[in-house]
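Below sits a lone chain in structure tokens, taken as the form predicted on its own.
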Amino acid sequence: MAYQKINAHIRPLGDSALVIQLGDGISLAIHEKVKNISNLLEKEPFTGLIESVPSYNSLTIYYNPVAVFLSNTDKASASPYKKVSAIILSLLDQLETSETSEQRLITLPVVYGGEFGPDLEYVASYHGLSVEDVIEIHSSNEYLVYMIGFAPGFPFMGGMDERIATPRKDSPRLAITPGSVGIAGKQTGIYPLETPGGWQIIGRTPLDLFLPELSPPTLLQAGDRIRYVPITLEEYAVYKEMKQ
């Protein structure tokens, strides 16, 4: 289903979800539309809505088809998918007048290089830069968390300076230490848990990103703005001690 006004496409994802595609690639303008639709759903949830999950350029909406069906006064003419699609189309009409939500600015301390950033020297040599140049470039940019995924609390961030954008490793590591800060193409992100991974690891933060005892259970949320702040090993140890 196409919505020509803002070049949106709606398609089913199984029998209890649909996807709204608003464009391709990493674009702040497209992602703001994604977030605005998600915000509108949060303010005015329809009967049967379970959750909406934003990504770089699309929004997936999960719903209870039984609840949607029972809430429909004209049960003979509309499937749950068509009913939810009609709701989404009405939200798309509101996009031009909706307000962009306020974004949090969060600073994240990071130790760069050494055993905490085993790929920092590779990233520097790949671009013909010094290690100090890579740290300066990476920590001087502001990044936007476009989505949380892959692992609980893993932030996919855009805004990477192309001077240090580096492809994933040819052979992923089997285990990445939690808190590791990585680069993959024009993205940067942080591993919240020990998992396999192929991103170029350039540093590590002492902060926990997955907090299952809290609600929400992740330190970062889609829409947050992030700045990395270089710290020393001694400062890293202090952060770790403060958590205990």
Partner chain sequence: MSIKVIHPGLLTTIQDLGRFGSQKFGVIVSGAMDPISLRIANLLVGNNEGEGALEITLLGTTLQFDTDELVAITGGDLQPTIDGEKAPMWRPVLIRKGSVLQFKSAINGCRAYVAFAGGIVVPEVMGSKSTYLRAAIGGLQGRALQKGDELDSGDSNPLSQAFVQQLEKMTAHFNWSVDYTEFISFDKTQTIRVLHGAEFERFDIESQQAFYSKPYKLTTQADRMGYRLDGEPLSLSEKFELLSEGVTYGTIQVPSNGQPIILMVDRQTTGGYPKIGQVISVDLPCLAQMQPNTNIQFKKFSLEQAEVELIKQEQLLRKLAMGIHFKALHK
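The term rigid core refers to the maximal set of C-alpha atoms that superpose within 1.5 Å between the two forms. Residue numbers count along the first chain shown, from 1. Worth saying up front: this structure is predicted, and the values here are computed from it rather than measured.
The following text describes the form predicted together with its partner chain, which does not appear among the structures shown.
**Student:** Tell me, please, which stretch of 132 to 140, 86 to 94, 108 to 116, 148 to 156 lies within 4.5 angstroms of its partner chain in the predicted complex when heavy atoms are compared?
**Tutor:** Checking each option against the 4.5 Å cut-off leaves 148 to 156.
**Student:** Could you confirm whether Phe46 comes within 4.5 Å of its partner chain in the predicted complex, counting heavy atoms only?
**Tutor:** Phe46 lies outside the contact set for its partner chain.
**Student:** Mark Gly128 yes when one of its heavy atoms lies within 4.5 Å of a heavy atom of its partner chain in the predicted complex, and no otherwise.
**Tutor:** No, no contact at 4.5 Å.
**Student:** Can you work out whether Ser79 and its partner chain are in contact in the predicted complex, taking contact to mean some heavy atom pair no more than 4.5 Å apart?
**Tutor:** Yes - in the predicted complex, heavy atoms of Ser79 and its partner chain come within 4.5 Å of each other.
**Student:** My question is simply whether Pro54 lines the interface with its partner chain in the predicted complex - judged by any non-hydrogen atom within 4.5 Å.
**Tutor:** Heavy-atom contact with its partner chain at 4.5 Å: present for Pro54.
**Student:** For 215 to 237: residues with a non-hydrogen atom within 4.5 angstroms of its partner chain in the predicted complex?
**Tutor:** The stretch 215 to 237, when checked against its partner chain in the predicted complex, contributes Pro216, Pro217, Thr218 at the 4.5 Å heavy-atom cut-off.
**Student:** After a core superposition, would you say Glu194 shifts its C-alpha by at least 2 Å between the shown form and the other one?
**Tutor:** Moves: no, less than 2 Å.
**Student:** Verify the C-alpha shift of Thr60 between the shown form and the other one: is it 2 Å or more after superposing the core?
**Tutor:** Indeed, Thr60 is displaced by 2 Å or more.
**Student:** Using a rigid core alignment, state whether the CA of Pro206 is displaced by 2 Å or more between the shown form and the other one.
**Tutor:** Result for Pro206: no, shift under 2 Å.
**Student:** Distance change of 3 Å or more between the C-alpha atoms of Tyr62 and Gly197 in the predicted complex: closer or farther compared with this structure?
**Tutor:** Closer together, which means the C-alphas of Tyr62 and Gly197 are at least 3 Å nearer in the predicted complex.
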